[in-house]
Structures are given as structure tokens and as C-alpha cells.
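This document opens with one chain alone, in C-alpha cells, the form predicted alone.
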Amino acid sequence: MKKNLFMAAFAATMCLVLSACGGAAEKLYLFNWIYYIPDDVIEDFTKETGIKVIVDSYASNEEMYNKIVAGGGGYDIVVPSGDYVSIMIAEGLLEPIDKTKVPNFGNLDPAAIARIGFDAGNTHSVPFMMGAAGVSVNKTKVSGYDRSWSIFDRSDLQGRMTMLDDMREVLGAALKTLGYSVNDPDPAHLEQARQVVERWKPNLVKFDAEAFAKSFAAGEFWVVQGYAENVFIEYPEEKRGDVDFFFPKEGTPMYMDSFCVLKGSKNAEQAYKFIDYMLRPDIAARVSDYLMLPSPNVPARALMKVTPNYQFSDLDRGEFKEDLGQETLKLYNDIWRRIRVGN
């Protein structure tokens, strides 16, 4: 009896200790883009809350989606782009968002939210970052170029250029080159876009969504399609002036990446704490400074210490990637397969 009383008292004491430490036994599983949140921000979240964050990363929406659909990971939070938010809502893969548990949602720019068509009213997603992939050029190696997707037509740069291993980004670039929407469903237009990419392909080393930034920083590649945040994080600070990053004049696919809670999350309460923490102005400013990107978090803008690589106004010719629907997505996938592996 005394032993049982002792064990009960010990258990109660341990519960109090864990509670006082912010719930040190709690965990959260985050599936996120490579490079997206600095380690010290996640470490500080754990210090404040006691919630340990286990992070896994992906390089494309397709990679993320395929893993989730296959049942892998056991994640709580995922950070898809808008088109995949729509897809995952339709397939019942996401929990509805309880905004009462995200009081910092009000910090988000209403103008940015107004552009969202993929999840009107943000019923299943909480905006995190908005931007676009562009083109980075090593100005010490390349000159006399137009700030256009046509740079990938240059055979004199063969073997020194890469484009993303991302169907929507590459086909979107080709569609914009032709004057079409990045969400164009017309088979004839998509065939034209395929021919544009096939024209670019001999000049490319590869399609690469993972190591392009490291290879560009190392001088292996001179022209890459990709995200400014990836390139400048890898590039030596004292040499960043050698890089010309631009959004091609024809326009570019845009993204809005959002926090989503996966259906059946075992740590939903911890997920809400993390999402709200990420929308706190001081934390949002740290993330934007790290990525060198403009912040969709209005009060965070006054706290930023780093000048972003571009402003939202630079995205005026950008266009959000939207859910294509099953039939059109099949068409895109077939076009992309033909590009990647041949007819």
C-alpha cells in the first residue's frame, strides 16, 4: 500500500515537473520544404513550449503529396503550395482550421489573402510565405542576356544551366513564354509548351529541385531556375552582388505556401501552437530575414533587419498555380513524362 502511494505521489510529481517545463514530453512532426524555417526558430519554439519538433523535408509538392498519399511519415503539419492545398482538401487529407486557435492569423496582409483562390476563406490552410521561382544568373560568367525565359534557348550556355525538377514550374515558364496562363488546360497550348521545353532541354545539365543552389554557388552552373531564398542562402555573402536574380518579363508561376494540419494528426493541439508561433511578428520577421523574402505578415515588416531579394510588387506579372482538376492534371503529367523520359 505504501509503495503504491509512493508511486502515485511520484507520478503526480513528474506530471507537475513536465507541466512546469512546458510539456517536455510533447512532440510535433513537421513535413516542410528544404531551407524553409531556420533551425534556431524551431529550437526557440521548443524552449518556449517544451514541444519537440521532428522535421522532415521535401523538394517539390509532388514529392510531398506522393508520400502523404502513400501513408508515410505520420506527420502533423505539412506546407503545400496553393494548388496542392486544393487537391488535398478535395481528397480529404486535411483537417479544417480552427482559427480561434490561431489568434495571430490577423497579422496576415488582407491584400495577400484576397489573392487566394485555392482555399477561399482559409478553411483548411494558414498562409505562411508568398513568392515565386525566378532565374539566377552568374554575371561574372554570363553577359548580354535578356531578362526573359529565352535565356534557356542559349546554346552557348549548354551544360551550364538547370531548370527545376517541377512540372508546374517548368511548364508554367513555357506557357508564360507563349503568352498563356500557367493554369492553361488547352491540349494544343500544352503541346506548344512541351515543344518549348524540348527546345530548352538540350541546353540543360538536368532538371534539379534539390542541389541547384549549391551547384550554382560552387560555380558549376551559371544560370538556374529556382528560388531566390535557396540561391542566396548558399551563395557567399560577399559575392552576392555577382548574382542577377529576376522574374522573367513574360511572367512566372507564383506560390502561396500554407501551414495545413493533416487529417488524423495525433498532435493537433501542438500543431496549432506551432502555427500561431510562426505568425507571431517577431518570429515571422526572423523567417523572412533568413529567407531574404518579403513578409505577408504586416507587423513583421517593421521588425525585419534584412532587405528582401524582391518585393511583392515585383510579382505583378506572376500568377498563382491553381488546382488543374484531375483530367487536366493527367494531361500535364503525360506532357511532363514525355519531356523527362522521351516519347
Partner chain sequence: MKRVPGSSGAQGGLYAAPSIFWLSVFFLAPLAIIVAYSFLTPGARGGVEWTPTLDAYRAIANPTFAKVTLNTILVAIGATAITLLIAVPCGYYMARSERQTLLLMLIMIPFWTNFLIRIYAWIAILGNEGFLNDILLATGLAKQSVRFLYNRGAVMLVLVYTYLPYAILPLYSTIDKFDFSLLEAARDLGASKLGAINKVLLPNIKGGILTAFLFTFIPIFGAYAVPLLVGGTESYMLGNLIADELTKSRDWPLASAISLVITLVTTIGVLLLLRANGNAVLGGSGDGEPAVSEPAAAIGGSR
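Numbering follows the first chain given and starts at 1. Everything numeric here is computed off the predicted structure, so don't read it as measured data.
What comes next is about the form predicted in complex with the partner chain, which is not displayed.
A.B. asks: Does residue 87 reach the partner chain in the model of the complex, with heavy atoms at most 4.5 Å apart?
C.D. replies: Residue 87: yes, in contact with the partner chain in the model of the complex.
A.B. asks: Using 4.5 Å between non-hydrogen atoms, is residue 145 touching the partner chain in the model of the complex?
C.D. replies: Result no; residue 145 lies far from the partner chain in the model of the complex.
A.B. asks: Using heavy atoms and a 4.5 Å limit, would one call residue 204 a contact residue for the partner chain in the model of the complex?
C.D. replies: So residue 204 counts as contacting the partner chain.
A.B. asks: So, residue 124 and the partner chain: in the model of the complex, are they within 4.5 Å at any heavy atom pair?
C.D. replies: Contact check for residue 124: no, nothing within 4.5 Å of the partner chain in the model of the complex.
A.B. asks: Within 4.5 Å, heavy atoms only, one stretch in 37 to 45, 273 to 281, 64 to 72, 310 to 318 touches the partner chain in the model of the complex. Which?
C.D. replies: Result for this chain: 64 to 72.
A.B. asks: Check for me: heavy atom within 4.5 Å of the partner chain in the model of the complex, for each of 100, 104 and 248, yes or no.
C.D. replies: No, none of the three is in contact.
A.B. asks: Though the partner chain is not shown, can you say which of 96, 219, 185, 236 has a heavy atom within 4.5 Å of it in the model of the complex?
C.D. replies: That would be 219.
A.B. asks: Go through 36 to 54 residue by residue and record those having a heavy atom within 4.5 Å of the partner chain in the model of the complex; state none if no residue qualifies.
C.D. replies: The stretch 36 to 54, when checked against the partner chain in the model of the complex, contributes no residue at the 4.5 Å heavy-atom cut-off.
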